[in-house]
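The chain that follows stands alone, in the form predicted on its own, written as structure tokens.
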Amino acid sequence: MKKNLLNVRKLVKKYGEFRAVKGISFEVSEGEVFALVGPNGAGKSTTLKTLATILSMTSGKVLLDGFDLVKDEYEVRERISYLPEEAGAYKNLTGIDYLRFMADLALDDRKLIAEAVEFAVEITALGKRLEDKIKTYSKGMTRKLLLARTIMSRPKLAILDEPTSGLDVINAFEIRKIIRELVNEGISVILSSHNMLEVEFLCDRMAIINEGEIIVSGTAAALKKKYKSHNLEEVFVKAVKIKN
């Protein structure tokens, strides 16, 4: 049995008196792709930003690979990487220079930097286009570059917020394929997505969050059976409506 890499217990995030996340609990196993889905404003991105140490949690306990998110923040940050939905790259750099620059920021050892860049180049599959400036890239190419940057250091956990947002079918498919292949590299993934077909294709398990609370979680097959639904879109709608 795979052990849990991430353990989230009673996580609360408040903005003033407003509780954006209301004591949620879940776990992500080693080598698992886990989805956190919900309506706009449900608390998905807030949760991911908190796990990525971008935001400070109000209360609760989070352990990543045995390290406490609050007490061991440095050790946690060494083991995670985060791709925001609206991430951007330095458009006047070439793709390869951007990857080298980001590897230099993330790593100290020259050998590890070279290995990270080599891995990122392989992931992007952009070939000679990496010699071109990023401002000439399509949105799909830029997203591949950013995903490669996110995972180039082979983190224990990759946190991906809407990884295929705004992409066409072909580019979205290629990004999903890369994400599934991450498991073969020993990387666990937690992601958010509004695309239920994507969630079903990518994820081993999922949780639906609404108004800051997780209302249901499980495998796609188990949730479709529970809600007597043919697909995850139906599950999503039924679960949110029942909660409301």
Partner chain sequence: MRKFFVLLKKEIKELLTPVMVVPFALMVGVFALMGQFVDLDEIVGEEAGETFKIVWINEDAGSLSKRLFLDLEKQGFEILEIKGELPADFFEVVKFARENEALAIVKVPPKFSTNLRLMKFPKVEIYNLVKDFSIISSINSGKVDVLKSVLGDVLSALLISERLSSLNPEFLKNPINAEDHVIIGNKHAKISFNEVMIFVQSQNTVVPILLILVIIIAAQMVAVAVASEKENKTFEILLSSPVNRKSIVFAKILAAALVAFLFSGFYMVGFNFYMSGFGMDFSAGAGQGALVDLGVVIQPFGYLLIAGSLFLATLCALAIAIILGILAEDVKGVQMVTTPLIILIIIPYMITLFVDVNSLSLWAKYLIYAIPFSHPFLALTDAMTGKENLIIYGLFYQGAVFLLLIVFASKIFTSDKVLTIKLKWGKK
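If you superpose the two forms and keep the largest set of C-alpha atoms that fall within 1.5 Å, you have the rigid core. Numbering follows the first chain given and starts at 1. Note that this is a predicted model, so its numbers are computed, not measured.
The same protein has a further form, the form predicted together with the partner chain, not shown here; the description that follows concerns it.
Practice item. With heavy atoms only and a cut-off of 4.5 Å, decide whether T219 touches the partner chain in the model of the complex. Key: No, T219 sits far enough from the partner chain in the model of the complex that none of its heavy atoms falls within 4.5 Å.
Review point. Any of the heavy atoms of M102 lying within 4.5 Å of the partner chain in the model of the complex?
Key: Yes, M102 lies within 4.5 Å of the partner chain in the model of the complex.
Point to revise | Proximity of Y82 to the partner chain in the model of the complex, heavy atoms at 4.5 Å | key: Y82 belongs to the contact set for the partner chain.
Check your understanding: Would R77 count as touching the partner chain in the model of the complex under a 4.5 Å heavy atom rule?
Key -> Yes, R77 is a contact residue.
Review point. Tell me, which of L167, L130, M141, L107 has a heavy atom within 4.5 angstroms of the partner chain in the model of the complex?
Key: Contact residue from the list: L107.
Check your understanding: Taking F26, L63 and I179 as the candidate spot, are all three within 4.5 angstroms of the partner chain in the model of the complex by heavy atoms?
Key -> Zero of three within 4.5 Å in the model of the complex.
Exercise for review: Tell me, please, which stretch of 32-40, 186-194, 45-53, 199-207 lies within 4.5 angstroms of the partner chain in the model of the complex when heavy atoms are compared?
Suggested key: Looking at the other structure, the answer is 45-53.
Exercise for review: Could you run down 82-109 and flag each residue that has a heavy atom within 4.5 Å of the partner chain in the model of the complex?
Suggested key: Counting only heavy atoms within 4.5 Å of the partner chain in the model of the complex, the contacting residues of 82-109 are Y82, P84, E86, A87, G88, A89, Y90, K91, N92, L93, D97, Y98, F101, M102, D104, L105, A106, L107, D108.
Exercise for review: Return yes or no for L146: a CA shift of at least 2 Å between the shown form and the other one, with the rigid core superposed?
Suggested key: It does not, since the L146 C-alpha is displaced less than 2 Å between the shown form and the other one after the core fit.
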